[in-house]
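Below you'll find only one chain, the form predicted alone, shown as structure tokens.
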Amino acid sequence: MKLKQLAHARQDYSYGFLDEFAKRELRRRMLKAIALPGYQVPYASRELPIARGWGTGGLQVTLSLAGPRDTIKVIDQGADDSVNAANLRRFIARMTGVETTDDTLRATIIQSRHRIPEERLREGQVLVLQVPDPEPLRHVQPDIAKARAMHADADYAQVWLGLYEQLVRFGRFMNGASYPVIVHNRYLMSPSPIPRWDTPDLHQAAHLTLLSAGREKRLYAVPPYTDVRPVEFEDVFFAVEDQRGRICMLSSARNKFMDELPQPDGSSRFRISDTGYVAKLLKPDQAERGATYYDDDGRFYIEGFIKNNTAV
């Protein structure tokens, strides 16, 4: 027997890198997650040419959904040009041949790490959020088996107790990113490490949201037009980050989520974290700009959500 006989002929990658069985399994799990909003569905997380913890969960979902007619947008902390976003976008385009874009309105699938775009997503769009830790009960119940039982019984008393202790000790909720929410009046869910500013954007949203944790091998979903309400008390309301008085150094826009940029003299300047939206503000005649979740007065454009939902 010769070495040539043992060697296999060159084989290209499957469409979307993942094999067909893996993509079918992921799609079945996504259908189950959509049928049970907020419920964590286990799946067999595959190996990818990136390290776990760098977006493998979101990448597997995107590769399973992407088709030749899709247009993909990938952002990291709101930026289209960060190293992580650029590498993921390049890999997706190479494995599927899909068109990529920086325009939120043109994209059919938007994969994001830690942000929801400023522009309101429409029906037919899919938002894929990368999730490092899908379990919202981990900080109160580290035993995963007991946490599963608490989800089954909708026993979230320890979460309420934790928020109460924050109010007693600090006078306000201390949770920043990944603020816990109740989905469809049933499951407690961790909405990825998005800032509180983005949390109301999931409530009654027209788009489908898929959240996936590759390292933890869990995915869950928020179907379109589903109630997503942050955990709060009747007399102490959830509040977003205070952006009042902040002006974008590039576009002079207000009431958008800003990145703080420390200056050498000790002061700070601010810039809208959604780079695609900033580009539209700087070239208003060259790009269609969609409505945002907040108007110029800092009020929500979401019908039936929390009243007076301003930062404190």
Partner chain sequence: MILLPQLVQTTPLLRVSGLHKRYGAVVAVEDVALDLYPGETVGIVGESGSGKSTVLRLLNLEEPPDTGTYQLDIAGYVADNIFALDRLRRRELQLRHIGIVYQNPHHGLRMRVSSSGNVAERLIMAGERRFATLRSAARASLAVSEFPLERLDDLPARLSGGMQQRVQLAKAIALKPALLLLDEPTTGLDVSVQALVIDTLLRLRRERQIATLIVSHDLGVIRTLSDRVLVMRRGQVSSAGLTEPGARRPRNTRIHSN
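Because the structure is a prediction, the values reported are computed rather than measured. Numbering follows the first chain given and starts at 1.
There is another form of the same protein, the form predicted together with the partner chain; it is not shown, and what comes next is about it.
The closest heavy atom approach of Ala93 to the partner chain in the model of the complex falls outside 4.5 Å.
Not displayed here, the partner chain is approached by Asp155 to within 4.5 Å at the level of heavy atoms in the model of the complex.
In the model of the complex, the partner chain lies farther than 4.5 Å from every heavy atom of Ala79. The partner chain is not drawn, but in the model of the complex it has a heavy atom within 4.5 Å of Trp160. Stretch-level contact check against the partner chain in the model of the complex with heavy atoms at 4.5 Å: of 204-212, 79-87, 129-137, 234-242, the positive one is 234-242. In sequence order, Leu161, Tyr164, Glu165, Leu167, Val168, Arg169 are the residues of 161-190 having a heavy atom within 4.5 Å of the partner chain in the model of the complex; the partner itself is omitted from this view.
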